[in-house]
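Let's start with one chain on its own, the form predicted on its own, as structure tokens.
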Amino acid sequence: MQAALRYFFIFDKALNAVISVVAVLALAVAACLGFLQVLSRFALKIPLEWTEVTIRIALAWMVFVGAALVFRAGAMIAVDMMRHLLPTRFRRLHDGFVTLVVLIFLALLGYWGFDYANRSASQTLLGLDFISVYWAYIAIPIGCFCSAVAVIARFIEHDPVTDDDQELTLVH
């Protein structure tokens, strides 16, 4: 069991590194294309129709895949506040309940996102007729998978007593 957990955390760490690169690249692409779009439209008077669609796709990938980093850090403010109000002995139960609800939500969102991506596979993107809409929508199930791994890793790794002491000192 320890070896499986060790491999899981190695996978989690590698996945977080890939997610970080993908999210940063998606943001960089969106920012550069936004600048190009403004420049081409207002300075050169030659609007590029494909930039807006590409920006939306890059932002979708950044948000859906990058959400895993937020889940991994445990940066859910409202849930965290409620957790701090509970006695220490109930915090692990609360963590388990929140983890279960989030995993159910991610599974449903991932399932329907995958279904939607497959149904839209025959359509192409406006202005980018050689790219299928599938590549835009597949960000949803991929992001849900990455987030699910992050949620599980956070739950396994999180210690309700020691982590709370460290978190509270950072807040004050």
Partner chain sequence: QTVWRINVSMPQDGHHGIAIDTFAEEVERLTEGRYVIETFYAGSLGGERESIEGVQLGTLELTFTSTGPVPNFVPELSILDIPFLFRDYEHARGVLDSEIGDELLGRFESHGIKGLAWADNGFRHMTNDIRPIESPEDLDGLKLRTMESPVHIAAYREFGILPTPMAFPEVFAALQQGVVDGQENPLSVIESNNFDEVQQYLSMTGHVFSPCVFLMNLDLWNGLSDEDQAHFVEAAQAGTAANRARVDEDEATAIETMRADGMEILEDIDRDAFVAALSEVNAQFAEEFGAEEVQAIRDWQPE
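Numbering follows the first chain given and starts at 1. These numbers come from a predicted model, not from an experiment.
What comes next is about the form predicted together with its partner chain, which does not appear here.
- Put simply, Ile142 is far from its partner chain in the model of the complex: not one heavy atom of it is within 4.5 Å.
- In the model of the complex, Tyr116, Arg119, Ser120, Ser122 are the residues of 93-122 with at least one heavy atom within 4.5 Å of its partner chain, listed from first to last.
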